[in-house]
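Consider the single chain below, provided in structure tokens and representing the form predicted alone.
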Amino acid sequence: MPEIRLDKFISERTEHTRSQIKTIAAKGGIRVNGSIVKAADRKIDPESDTVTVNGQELSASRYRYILLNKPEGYVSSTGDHDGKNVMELIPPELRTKDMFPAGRLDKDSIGALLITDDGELAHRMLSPKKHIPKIYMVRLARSFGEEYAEKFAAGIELENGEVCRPAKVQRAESCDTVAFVELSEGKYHQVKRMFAAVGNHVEKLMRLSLGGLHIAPELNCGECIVLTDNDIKQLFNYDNFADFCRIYEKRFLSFLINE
């Protein structure tokens, strides 16, 4: 990989501006391969050189990918005009200036949300032609209807006349008011509106997966993890819906019921 300026490397991987980086360097807060470097315009090799800023080692990867288990009460945005936003949940040392939520999750919903500064990946994820499937687990106000699977597969017509793409839905084996839904599009409040269209009401919604990228049971609401390039590849490797439901029912059923 071609060498690049140290301040450019740091600027792309943190929230620091070039002027802030220059100040940090002057105070001895930047090290390259263990040695203090005070010249912010020094050239480095991103692949072979190790850079730390105030003791925090920076990734060689140009982009950062974070999987957040979004809690209730946070909006999927980067601004504060609608209240608390999901960026507040990302530790400062993991943020970059261009980071944003790739897609959205309703304020009162929980679960998997990808935070990244990779605009090209976000476009691939959200493009109507390549929209990756997402799996949700929901708690319903009334029992799951046996006719739901057929209606969802045919394409639910919403109250405003919009018709959804065919979707998969399956009742949890051990609870008749819990269901799984797989969608390949992202209309506003879609899961809730689809169940409303068949005469039911979603009381709780948790997104469990984005493509083949899953929320781990040990990742608590409000917590996040940094993803590797191999993790990101899983976005485009999709699961068998029935197998996924069986596995994740055991992992999350009690949580969804007791919330």
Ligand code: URA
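One rule holds for the numbers: they count along the sequence shown, beginning at 1. All values derive from a computational prediction rather than experimental measurement.
Heads up, the form predicted together with the named molecule isn't pictured, but that's what we're talking about next.
Annotated contact segment (heavy atom within 4.5 Å of the named molecule in the model of the complex): 189-197, selected among 49-57, 218-226, 189-197, 31-39. The candidate spot formed by T78, F100 and I115 lies out of contact with the named molecule in the model of the complex, as no residue has a heavy atom within 4.5 Å of it.
At a distance threshold of 4.5 angstroms between non-hydrogen atoms, L213 is out of contact with the named molecule in the model of the complex.
Of the heavy atoms in I232, none are within 4.5 Å of the named molecule in the model of the complex. Taking the partner from elsewhere, Y136 is found to have a heavy atom lying within 4.5 Å of the named molecule in the model of the complex. Taking the partner from elsewhere, L205 is found to have a heavy atom lying within 4.5 Å of the named molecule in the model of the complex. With the partner removed from view, the residue among L105, A172, I156, L140 that has a non-hydrogen atom within 4.5 Å of the named molecule in the model of the complex turns out to be L105.
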